[in-house]
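In structure tokens, the next block holds one chain alone, the form predicted on its own.
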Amino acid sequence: MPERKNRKDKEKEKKNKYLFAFLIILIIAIIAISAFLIISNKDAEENKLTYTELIKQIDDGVVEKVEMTIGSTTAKVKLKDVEKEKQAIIPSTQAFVELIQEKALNGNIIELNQNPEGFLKTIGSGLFSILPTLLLLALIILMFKMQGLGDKGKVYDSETTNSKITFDDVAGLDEEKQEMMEIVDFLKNPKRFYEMGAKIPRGVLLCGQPGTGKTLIAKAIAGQANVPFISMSGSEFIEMFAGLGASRVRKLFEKAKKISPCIIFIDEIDAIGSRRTSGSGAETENNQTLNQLLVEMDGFDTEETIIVLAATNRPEMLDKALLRPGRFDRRITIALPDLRGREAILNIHAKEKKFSSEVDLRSIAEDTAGFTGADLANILNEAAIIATINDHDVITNKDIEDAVKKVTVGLEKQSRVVSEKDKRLTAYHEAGHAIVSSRLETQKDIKEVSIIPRGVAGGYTMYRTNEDKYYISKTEMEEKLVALLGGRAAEKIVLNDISTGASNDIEVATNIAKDMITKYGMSETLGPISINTEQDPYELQLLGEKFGDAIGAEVKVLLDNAYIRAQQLIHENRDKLDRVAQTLIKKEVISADEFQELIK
């Protein structure tokens, strides 16, 4: 039954695509034929000869040949010493033929050819006569097809999907699942809640970073409640046709009402739910689509068990009308998984994979603080691919370590030829990061230092991320700036020169310094103030030019102080820096234990 339905849907989609393509081809063909006939008529106008002029040319004896089509009033005239043929309209064909015969009797012989009417010309003239009707018919059919474009939401239910996702497939979101169970209960037994006088929650907004599991938990709610799940992306509402977005919103909710109880899931809702403006063009279309969504969410019947789930990683961009009670009643933040959550996620994704007995998922979870569920799934998948390529029977710790490096830093480029000069520069740059970081109390322990190129980086310094952090102190951020500028400081002191290798470090350091001043209020001079220029570019202008200058000065002070401290630490630990750099030049990679041995 499910396979038959899927086949029918696919055949219907295929048929619609072919019909749409046929209409487009028909319109193009009509336009091309029209253009051809117009150009032909234009050429004919240039070579036109009036009947009076034709008679005069015959009298003067300059007409060589006349060619006519039976049943047509148009004649082709070939003049002596003229290459191009002229065209003339003959009012009376019989009278004209008699005139030519009379001239022939008087010695003025003109070749006269009377041809039957051509098939192609007959079709061309017939098509040209019915062209407006065909064009109008094609446009009407296209308009009807456009109405069908509004029906875009994909429906997933137990009959049409082979695999059903439930809360057992979601790990690391225990509190979020607990809150969602209320919605599942409502979808399963709405009568209990109605009898108590409780109202249906209209919408639930899922906020969180990309990859944290917003879409997964939405599917799990539908699977747990065993109700249909209509999925649609925010960008699917907006296309080239004006008014189509609002039409799609209407059709989406009409479809939901027919299969109620159900869940509507709108992914990346900020594509249509961003703040309304008084702009024109595409902005007006966005406004109309959002207005229609607001109207539909307000117009639910109390008897209709429909819940709208929406996901976004930019909740600050959404219109306030969308977030008020009665529309999106609940807002759930899907945070990054903690240690227990990461271990549970790894266990789910490890079910169908073969691992060596030495692999400890707990240890992997400890080393991947800050990773999302999607990142963890990707790491295990990459590890399986690496193990297969290396002809391993099972996935080893080495495969997982290589997968982490591939995902976080980039693909290893062993084949790249690096000059000795570049190798020495990279070795001192990475050694500078490692030495400076090891002398700072708040910075993470060194896990690995390498000068093997990966991705766009010539080398890298990896840190242990075995602690979940929810807050970062000012001291930690200042020392992070010092660690980031350690590579540039080492280049300057050892090589007495600087390179482009520190460009990414400087970019990251500058962004951290700006956030410290404008976002976290960590400036001693400016005090606790927050300025969001991305959300409101005119916010800084309201505070005055001097305020902007003060922010720039504060950022520069932070970066200058960090660079000075990095240079001091390099000077104080120059012998350790040389040892680490020389070992890197020889071995290319240094492990955590080797690094600790070198800096004793």
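When you see a residue number, it is the position in the sequence shown, counting from 1. Note that the rigid core is defined as the largest set of C-alphas that superpose within 1.5 Å between two forms. Here the structure is a predicted model, which means the values were calculated and not measured.
This next part talks about the form predicted together with adenosine-5'-diphosphate (ADP), which is not shown.
* Asked: Should Gly373 be classed as touching adenosine-5'-diphosphate (ADP) in the model of the complex when contacts are defined as heavy atoms within 4.5 Å?
  -> Residue-level check for Gly373: yes, a contact with adenosine-5'-diphosphate (ADP).
* Interface membership of Ile379, adenosine-5'-diphosphate (ADP) in the model of the complex, 4.5 Å heavy atom rule -> Although adenosine-5'-diphosphate (ADP) is absent here, Ile379 would stay clear of it in the model of the complex, with no heavy atoms inside 4.5 Å.
* To do: Give a yes/no on whether Ala171 approaches adenosine-5'-diphosphate (ADP) to within 4.5 Å in the model of the complex, heavy atoms considered.
  => Result yes; Ala171 sits at the interface with adenosine-5'-diphosphate (ADP) in the model of the complex.
* Indicate whether adenosine-5'-diphosphate (ADP) has at least one heavy atom within 4.5 Å of a heavy atom of His349 in the model of the complex. => Close contact exists here: in the model of the complex, His349 approaches adenosine-5'-diphosphate (ADP) to within 4.5 Å, heavy atoms only.
* Which one of these stretches, 439-447, 492-500, 395-403, 209-217, sits within 4.5 Å of adenosine-5'-diphosphate (ADP) in the model of the complex when only heavy atoms are counted? -> Result of the contact check: 209-217.
* Which of Ile307, Ile345, Ala427, Ala310 has a heavy atom within 4.5 Å of adenosine-5'-diphosphate (ADP) in the model of the complex? -> Flagged contact: Ile345.
* Asked: Lys405: with the rigid core matched between this form and the one not shown, does its Cα shift 2 Å or more?
  -> Shift at Lys405: below 2 Å after core fit.
* For Lys219, state whether the C-alpha moves by 2 Å or more between this form and the one not shown after rigid core superposition. => Yes.
* CA of Ala489, rigid core aligned, shift of 2 Å or more between this form and the one not shown -> No, shifts by less than 2 Å.
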